Every structure is written in structure tokens, then in C-alpha cells.
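We begin with a single chain expressed as C-alpha cells, specifically the form predicted alone.
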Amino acid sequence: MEPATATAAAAPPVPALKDELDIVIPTIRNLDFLEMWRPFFQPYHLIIVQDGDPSKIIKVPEGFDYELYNRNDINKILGPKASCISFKDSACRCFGYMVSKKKYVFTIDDDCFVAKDPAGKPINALEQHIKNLLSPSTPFFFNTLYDPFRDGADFVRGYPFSLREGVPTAVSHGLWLNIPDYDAPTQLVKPLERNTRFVDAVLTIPRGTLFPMCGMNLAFDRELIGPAMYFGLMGDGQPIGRYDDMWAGWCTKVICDHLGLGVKTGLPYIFHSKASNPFVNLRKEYKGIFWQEEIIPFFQQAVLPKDCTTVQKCYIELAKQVKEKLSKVDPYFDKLADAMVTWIEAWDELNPPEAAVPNGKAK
């Protein structure tokens, strides 16, 4: 299996949401991978969050409209609150979500290339994410034809008419061909496994169901759910890594369920080109592998009060519950809960709430 080439991907689409969407990319290296994505990404504004050594020069191909932030910039903009942004970890990408001023965000890793569909056509991942976000979700009743709002699909017989309007979609979670998003133990026992299955489906994740969110091919409605997309404390100085996107996903899903918002998964696919080192990953993940057996039941049982009508209120309440119930697992969660509050304070400083408009309808 090969990714599409830059030449093969050269038919420029009509850019949807050109002035309403930012592309956020965390990186420690030159962004040569953007050449492959040029036909799809060039019309959009990029926010590049440089991890690691701020003195290193990151080269961006010519012709892209971008702003680049390194650790010095993060410290200058956030001051003491910069402590909530991870260092030496791709979790730093959430700083890009905070400084964006657009309604939508798409985030991608720099080892993700343009995939090809079964007919050999390059996949415009961003275009599919936009379709997912602009059509409703159906979290309250499962449709066996998956997304009823896709071309060629509809609600099946027996689907309640009272639920067919759907709810706003807050998150579009894409998948990967080639290197799957496996944890270290699975990587170690299946070192040669590659995902070659292209499943032409998008579905809403049902209300009350959690999922392991991956941040390398992800889009969301920043106005609906942005403040919940905090990727936690990971990397340098922290006892855990590679749980940043999953932590954000668990928090986001609980809040979406509470506010009556939807999360979709499936298409689009990207081509994940590079497997990370499973031994390095194991060192980052090993505490999380044990902790998740308590973290996941915590989120499954989390209940938010009805007066939590905004994402910020929901998130502060979740932080309070993390401190109360997960600190016994490890002192790290006490620090993480404090960072969650700091994140919201920093978010509101950079994005002053106009009048605390509810993001959804509390259930």
C-alpha cells in the first residue's frame, strides 16, 4: 500500500469553509509533508505549534498561509498559565486550538499523508471532515445504515421520526490506513500489521458510549466543543504520555452527551506513514495502561449537573470530579485537575465569552 503522490493529488477542490477553519499541526521537524497536502490545504490558514527546542528553525514550504508558535511564544502569551500546555509532546497542539479564531479546527500529524480510496483516487480528508461536521449526528438511536445524512443512505424502517432531525455534530474522528493507532503491547506482538481495510462508513457514536479518540486525523466545531479539547499534561516532567488525545476524547464525549451534541467516526482516512518505537511508547504508556482501568469507569459514571449549560462549566465540573475521585489513583490526577482549570481560565482570557451562551441542551 502506498500513499497518493503530490502529482496524483493535484486536482484542486473548491475549498469549503475557507475562512472558517484552521488547520493545527504540532511538529518538531520541517513540514515537507505539506507538499503532498498542498492541493487540499493551501487555501486554508495553518497554525503550527512547534514542540521541543524553540531555537530550532522549522521550515514550511512556500505558498502556505501560516502562523507558528514555539515554547517561547506560548510562555509569552499565557504567562504562568503556560504550565497547562505540555512540553516535548504532541499534546502541545491544543495551544493551537486556543489561539485559533475560527469556528472549525482540523488537526493532523506530520507523518500523515494523503491516502487513496479503493479506486486509487486521492482522498481529500479535510473535505470529508467538513461534510461530517456540517451534517447532523444521531446519538440517541442507532441507524443500521450508519450515517443517514450521507448520499445514498437514509433512516431505516423503525427509526423514530421524532429523532430524525438529529443534533449538531461537534466532533469528526477520522481513521488511518497503513500504520494503525495501536498501543505499545499490541505493536510489540503485531510489529508487521498494517491496516489495508477501507470501510466506506461514517457513524455516530451512541450517547453513553466512550471511545479512544486519536488526535492525528481529527476535526471539531470549536464554537460547540473547543474548551473541552484539552490534551492534558503529557511529556516532559509528567509520568505518562500518549494518552493526551484519549483524555480529551473522554472529557469531550461526556460533555457532548450532556449537552446533546454528536460525535462521528469513520471516514475520512489518511495514510499513517511511520510506526513509532514500541519500546519508547511502552515507557510512556505503562502507567496509563493500568490507570485506564479506573479512568474509563470514572468517565462512564460521570454525571454533570443540569446547571452545567456551557462547555466551560461542564469542564470545570469534570475537573472537580477528577480531583475528588481520581487523585486516589495517583497524585498526578490532582495536578491534572488543576491544569484543567488553568486551561479553561487561559481559554477564556484569549476567547472572552460574550455572554456565556449555552453550547447545547443539558440532558
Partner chain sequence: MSLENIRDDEVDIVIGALHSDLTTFMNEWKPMFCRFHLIIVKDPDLKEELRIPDGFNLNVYTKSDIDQVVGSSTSILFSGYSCRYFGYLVSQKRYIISMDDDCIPARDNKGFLVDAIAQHISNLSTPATPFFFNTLYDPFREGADFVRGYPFSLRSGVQCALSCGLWLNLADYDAPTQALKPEQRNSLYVDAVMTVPAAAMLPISGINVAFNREVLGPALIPALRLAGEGKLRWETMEDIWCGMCVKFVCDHLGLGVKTGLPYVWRNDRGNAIESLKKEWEGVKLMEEVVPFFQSVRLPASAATAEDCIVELAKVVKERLGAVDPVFTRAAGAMLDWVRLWKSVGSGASSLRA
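Only a predicted model underlies this, so the values are computations on that prediction, with no experimental measurement involved. Numbering follows the first chain given and starts at 1.
Although not depicted, the form predicted together with its partner chain is the subject of the following passage.
Asker: Using heavy atoms only and a 4.5 Å cut-off, decide whether all three of T144, D154 and N195 touch its partner chain in the predicted bound form.
Answerer: Yes, the whole trio is in contact, each within 4.5 Å by some heavy atom.
Asker: Considering non-hydrogen atoms and a 4.5 Å limit, does its partner chain approach K190 in the predicted bound form?
Answerer: Answer yes; at least one heavy atom of K190 falls within 4.5 Å of its partner chain in the predicted bound form.
Asker: Indicate whether I296 is a 4.5 Å heavy atom neighbour of its partner chain in the predicted bound form.
Answerer: Output for I296 is yes: heavy atoms within 4.5 Å of its partner chain.
Asker: Even though the partner isn't displayed, in the predicted bound form is S273 close enough to its partner chain, meaning a heavy atom within 4.5 Å?
Answerer: No, no contact at 4.5 Å.
Asker: Against its partner chain in the predicted bound form, would D200 count as a contact residue? Criterion: heavy atoms within 4.5 Å.
Answerer: Taking the distances in the predicted bound form, the answer for D200 is yes, it comes within 4.5 Å of its partner chain.
Asker: Counting any non-hydrogen atom inside 4.5 Å, which residue from V99, M246, L78, V167 sits next to its partner chain in the predicted bound form?
Answerer: Only one option qualifies, and that one is M246.
Asker: Only one of S135, Q292, S83, N124 comes within 4.5 Å of its partner chain in the predicted bound form by heavy atoms, so just point that one out.
Answerer: Answer to the contact question: Q292.
Asker: Given that the partner is absent here, state which listed stretch (135 to 143, 254 to 262, 67 to 75, 221 to 229) has heavy atoms within 4.5 Å of its partner chain in the predicted bound form.
Answerer: Stretch with heavy atoms near the partner: 135 to 143.
Asker: Using a 4.5 Å cut-off on any heavy atom, which residues of 164 to 189 would contact its partner chain in the predicted bound form?
Answerer: The stretch touches the partner through R164, H173, L175, W176, P180, D181, Y182, D183, P185, T186.
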